[in-house]
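As structure tokens, one chain now follows by itself in the form predicted alone.
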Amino acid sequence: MTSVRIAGVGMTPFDSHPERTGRELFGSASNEAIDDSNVPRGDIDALFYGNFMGAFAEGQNHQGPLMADAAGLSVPATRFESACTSSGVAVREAVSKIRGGEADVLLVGGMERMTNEPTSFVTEALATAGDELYEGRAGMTFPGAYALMANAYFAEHGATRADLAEIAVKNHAHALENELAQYQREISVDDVLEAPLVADPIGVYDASPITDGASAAVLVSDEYARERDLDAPVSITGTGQGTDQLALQDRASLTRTPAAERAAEEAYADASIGPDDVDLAEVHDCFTIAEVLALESLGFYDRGTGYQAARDGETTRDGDLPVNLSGGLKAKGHPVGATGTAQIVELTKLLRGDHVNSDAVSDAETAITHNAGGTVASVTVHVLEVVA
């Protein structure tokens, strides 16, 4: 089976970009990735692209050809939609194509433009990633859904809002020097606890922001990289995907995310590694409770103990397992369709040694992404390793 190398990565600053269109954002990220790869545009076989709410925010569906044009390409282009894991699914499909010998060079990425609409509009659009019949019509929003999950976790395992606040504080600290992050400022546990509640116990600082941004990566076969002597030391060695029932009410537990467990199990087996081999992770912390559930689903912590990780300093930049050194969705920002490939971008730079936080993981060789859609009804997990 052909292995898949990451030849180049690119990403816009995650922030509010009222002056830029979605196609401009993706064109910027893809141009950076192609330049970083030293791969001629003419060698790119296809574009795999993730986007969730373009039809709502920009009145634009059928974005594949539009984004291929923005990237300066005239190749087959496909848009993937799987809520917040849209570009994570695009990465997985690209890996499969290259491994199967159907392509040698693929551009993969995602984009979302969200801040051009009011918060109430964006909240309603994001809610369509839940079950419209049994959740949406009852008024369920994603802050409300994750509040239910947090309250259930508190009741089962004794965690508190202060424990979740430590996650927000950690991820803001990690983003301080990341010039691509939306929030580059420190916060304290008191700041988190005293902030207005969105849906009890989820407060403003427990939630990721509304963000514009794009991200992209050039993936190539190992043979292509070797024949052209590309400097591409990071490979995607494992991929996994999981699915769960869409509505929370249909699930056996609100405090487990089986889709992530299955995706992780598949990705670990694919890469022939286990959780103990992972040096750092970028996980889907759309809300602070989501980081707790991700750590447990990935096998880093037993059920009911993941909430202690940030509090005890184990997932900080100086801890045994740094998590979300980019700032995570919480502080880096969360343009939903771009988040999956943004995790690939950040980890590639961290492993290559050209990320602002690379000094915290200078000996790292293995990393993992966890990218979730909805209330973790869709999940992709990817293992990245230094192979050069």
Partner chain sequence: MSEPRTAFDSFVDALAAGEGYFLECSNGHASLPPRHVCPDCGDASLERRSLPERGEVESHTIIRVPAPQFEADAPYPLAIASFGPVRLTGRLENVDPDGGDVEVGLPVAVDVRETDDHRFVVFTPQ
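Positions refer to the first chain, counted from 1. Because the structure is a prediction, the values reported are computed rather than measured.
This next part talks about the form predicted in complex with the partner chain, which is not shown.
For Leu193, no non-hydrogen atom is located within 4.5 Å of the partner chain in the predicted bound form, even though that partner is not displayed. Contact annotation for Asp312: none of its heavy atoms lies within 4.5 Å of the partner chain in the predicted bound form. Interface residue remark: Leu230 is not counted as part of the site for the partner chain in the predicted bound form, having no heavy atom within 4.5 Å.
Contact check for Ser96: every heavy atom lies farther than 4.5 Å from the partner chain in the predicted bound form. For the three marked residues, Gly136, Met140 and Val198, a heavy atom of each sits within 4.5 Å of the partner chain in the predicted bound form. You can rule out all but one of 171-179, 96-104, 142-150, 284-292: in the predicted bound form, only 142-150 has residues with a heavy atom within 4.5 Å of the partner chain.
Contact with the partner chain in the predicted bound form, judged by any heavy atom within 4.5 Å, is made by just one of Asp250, Glu186, Asp277, Glu223: Asp250. Residue in contact with the partner chain in the predicted bound form (any heavy atom within 4.5 Å), chosen from Ser74, Thr160, Ser120, Thr305: Ser120.
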